[in-house]
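Next up: just one chain, as structure tokens, the form predicted alone.
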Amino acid sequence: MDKKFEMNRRSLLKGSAAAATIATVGADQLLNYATAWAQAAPWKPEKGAKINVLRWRRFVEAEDAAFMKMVEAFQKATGVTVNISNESFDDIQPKASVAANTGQGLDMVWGLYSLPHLFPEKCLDVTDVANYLGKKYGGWFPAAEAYGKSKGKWIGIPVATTGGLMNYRISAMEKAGFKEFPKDTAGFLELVKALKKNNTPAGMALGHASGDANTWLHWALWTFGGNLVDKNDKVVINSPETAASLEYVKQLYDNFIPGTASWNDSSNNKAFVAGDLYLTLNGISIYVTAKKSAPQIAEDMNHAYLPIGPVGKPTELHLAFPILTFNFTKAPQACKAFAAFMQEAENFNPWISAAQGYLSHFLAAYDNNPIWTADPKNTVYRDVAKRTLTPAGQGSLGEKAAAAIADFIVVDMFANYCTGREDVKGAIKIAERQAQRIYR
């Protein structure tokens, strides 16, 4: 057996054995590990370092508790003060942009999608952290390099991704005449129509839901062969393939539960657990919540990959969470140490176990975490970081692609047509003009 792999495997198993969940990790044990890690780590935090970290607001309570235990151990072991603030998905980018423009207020931002690429010149070079983690934990998946790198250097560390997959009620699907979840777009449309007919409706966000709407509507565009830009970053959204995707989504929308045009990232969670919604796209957080508050719904739930359309291959976009460090921080060594510490096996294994499938990994070694096989309903979420494309689609992931997704260009195109604000040509033209302003 390869010695490096065996070392990685032992490290991984050590983390899992130390705690299958964060609840089994004693504070003393975690602190002992953190103290030993700090002494051996290549990054030595600045004396009296204080770092302000902005992160997205949690959807799984146990994940947040596990994260804060990790933060506490890091602080005690290194002497670094780590101030964590939490914001909704939609508020992360504006607050990060303010910090980037003013050069103050935040040291690190744990954000969404391609956030570091909005201001790559303001991001600290963290290539040493990325190389350290990649070498130790089996290498990065290809999407991680796309999200993390700019002009050959790492400007962010991809920590995890939340899979945007189909959440559905098994009994409703079977009553609609399907023994298994449809694997193609034609079958999926028939299922959605049948669910409405049976008063067990589907629904997916068409509002400015940074996670839910972006993930499924980019999938819809790409699975019909549409693209915002081509491989040379030329705007090509005005195409018959885009029109076909719009017509398809309109048929879905006409059979959705009312109100999806104004949904945010928590709307479908609430409706599903309340028993008003029977199919949606989401992370595993609905299932995690239902197991506690509505076990009869959780028992009747399952998850599936998104159907495949005319392009004949998966075209999924999942919600990546990279962490960046601003290059104006007064504590770059402390920030690098924290970014590395987060993804060490002794921390990462119990942490993603606590997330219960909501967070999936970009480092290959963590395929072996027991959370992915402990419950068969979790397993599809294991591979989302391997399957995901980036918001750039066929194009290059940089400032322009980051701006396009931050401005909801694709989401608004679908919403404009589905809600009747524009016809197909009008919806596409608006998106084309917006994209051309960014990609000029």
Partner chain sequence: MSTVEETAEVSRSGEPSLWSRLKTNRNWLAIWFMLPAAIFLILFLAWPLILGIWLSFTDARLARPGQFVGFENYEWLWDDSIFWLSVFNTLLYTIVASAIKFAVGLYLALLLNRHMPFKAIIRSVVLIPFIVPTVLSAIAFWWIYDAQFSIISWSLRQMGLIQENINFLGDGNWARGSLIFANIWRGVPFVAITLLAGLQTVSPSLYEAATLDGASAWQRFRYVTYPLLTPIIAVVMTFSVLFTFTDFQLIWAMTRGGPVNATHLMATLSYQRGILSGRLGEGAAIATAMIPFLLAAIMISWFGLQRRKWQHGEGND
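A quick note: this is a predicted structure, and the numbers were derived from the prediction, not measured. Numbering follows the first chain given and starts at 1.
Omitted here: the form predicted together with its partner chain. The next part is about that form.
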Answer key: of D184, E145, D276, D125, within 4.5 Å of its partner chain in the predicted complex (heavy atoms) is D276
Since exactly one of E299, E121, E247, D254 fits, which has a heavy atom within 4.5 Å of its partner chain in the predicted complex?
-> E121
Answer yes if any heavy atom of E46 is within 4.5 Å of a heavy atom of its partner chain in the predicted complex; otherwise answer no.
-> no
Taking the shortest heavy atom distance, is S85 within 4.5 Å of its partner chain in the predicted complex?
-> no
Report yes if any heavy atom of W110 sits within 4.5 Å of a heavy atom of its partner chain in the predicted complex; otherwise report no.
-> no
Should N101 be classed as touching its partner chain in the predicted complex when contacts are defined as heavy atoms within 4.5 Å?
-> yes
Honest question, do V311, T315 and R382 all end up within 4.5 Å of its partner chain in the predicted complex by heavy atom distance?
-> no
Would you mind picking out the stretch of 357-365, 128-136, 71-79, 263-271 that comes within 4.5 angstroms of its partner chain in the predicted complex, counting non-hydrogen atoms?
-> 263-271
For the heavy atom contacts within 4.5 Å of its partner chain in the predicted complex, list the residues of 390-421 involved, in sequence order.
-> E399, A403, A406, D407, F408, D412, A415, N416, T419, R421
